[in-house]
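The data below hold one chain only, encoded as structure tokens and taken in the form predicted alone.
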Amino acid sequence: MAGPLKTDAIVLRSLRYGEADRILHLYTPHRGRIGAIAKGVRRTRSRFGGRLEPFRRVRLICHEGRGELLTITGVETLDAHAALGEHAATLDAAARACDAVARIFETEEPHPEVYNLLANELALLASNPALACHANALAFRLKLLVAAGLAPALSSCASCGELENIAAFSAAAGGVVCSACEAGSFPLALETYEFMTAALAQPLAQAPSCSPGALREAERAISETLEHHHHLRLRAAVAR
């Protein structure tokens, strides 16, 4: 239905359109991922200024017509995350976090917890550049899996329910598997298992540290889970 819409949003991506406009990919708490056009935003005297740059958390007033894109008519900055631009690593981490949200949650189905998780991740990266690391990026993705209903089973064998002898990870089975059920899986080190369980249990700011090898295994588990259940391959969690 045509009319005004007020919503908080995080700017995931901004694309040039025409001579002075931009098309924005946005993530909102109650409308999921939406698209909008900001007319005249690239003009020097635009009323929007720089408030619609990627990674900013904003409050929007939009006109919702019959087309797919909303038209932005007003914007208020809630959090500019300006410090992200001070370090290449934090900018890259923010871009990968936004890309993961945009691709896993690509519809208008509401996921307020995803909006809050992304807002928290961007704020953490802006306040502490040391968090632009592999462990934090994987902890963020594990929490996205939970929100998507794809959380891997970690407390017992995903195939038979065995509590002991956990030896491997199987995306097809849905999580860790025991030595008797490891066909089609890959070996999972104890350190990797402990990282994944701790990362899910602890806040993002307290993502546990572990060896590079364990982090690579954890990323493989996340990637294979998304590929098997969501038919999706994300960019690497960090630049190689």
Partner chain sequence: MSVYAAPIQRLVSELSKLPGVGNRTAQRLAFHILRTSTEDADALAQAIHDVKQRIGLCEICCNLAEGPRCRICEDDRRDASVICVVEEPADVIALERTHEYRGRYHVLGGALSPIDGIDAEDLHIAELLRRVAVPESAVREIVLATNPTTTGEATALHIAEALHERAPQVSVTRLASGLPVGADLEYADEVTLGRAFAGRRAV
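Numbering follows the first chain given and starts at 1. These numbers were taken from a predicted model, which means no experiment stands behind them.
What comes next is about the form predicted together with the partner chain, which is not displayed.
Open item on the list: Check for me whether the partner chain, as it appears in the predicted complex, comes within 4.5 angstroms of all of 152, 213 and 219 - heavy atoms only.
Closed with: Judged in the predicted complex, none of 152, 213 and 219 sits within 4.5 Å of the partner chain.
TODO: Could you tell me which of 182 to 190, 169 to 177, 40 to 48, 27 to 35 sits within 4.5 Å of the partner chain in the predicted complex, going by non-hydrogen atoms?
DONE: Looking at the partner contacts, the answer comes out as 40 to 48.
Task: Distance check, residue 6 to the partner chain in the predicted complex, heavy atom within 4.5 Å - done: So residue 6 does not count as contacting the partner chain.
TODO: Determine whether any heavy atom of residue 88 comes within 4.5 Å of a heavy atom of the partner chain in the predicted complex, and answer yes or no.
DONE: Judged by the heavy-atom cut-off of 4.5 Å, residue 88 is in contact with the partner chain in the predicted complex.
Open item on the list: Would you classify residue 77 as touching the partner chain in the predicted complex, given a 4.5 Å non-hydrogen atom cut-off?
Closed with: Yes, residue 77 lies within 4.5 Å of the partner chain in the predicted complex.
- [ ] Could you confirm whether residue 96 comes within 4.5 Å of the partner chain in the predicted complex, counting heavy atoms only?
- [x] Flag for residue 96 set to yes.
- [ ] Counting only non-hydrogen atoms and a 4.5 Å cut-off, give the residues of 207 to 229 close to the partner chain in the predicted complex.
- [x] Sequence-ordered list is empty.
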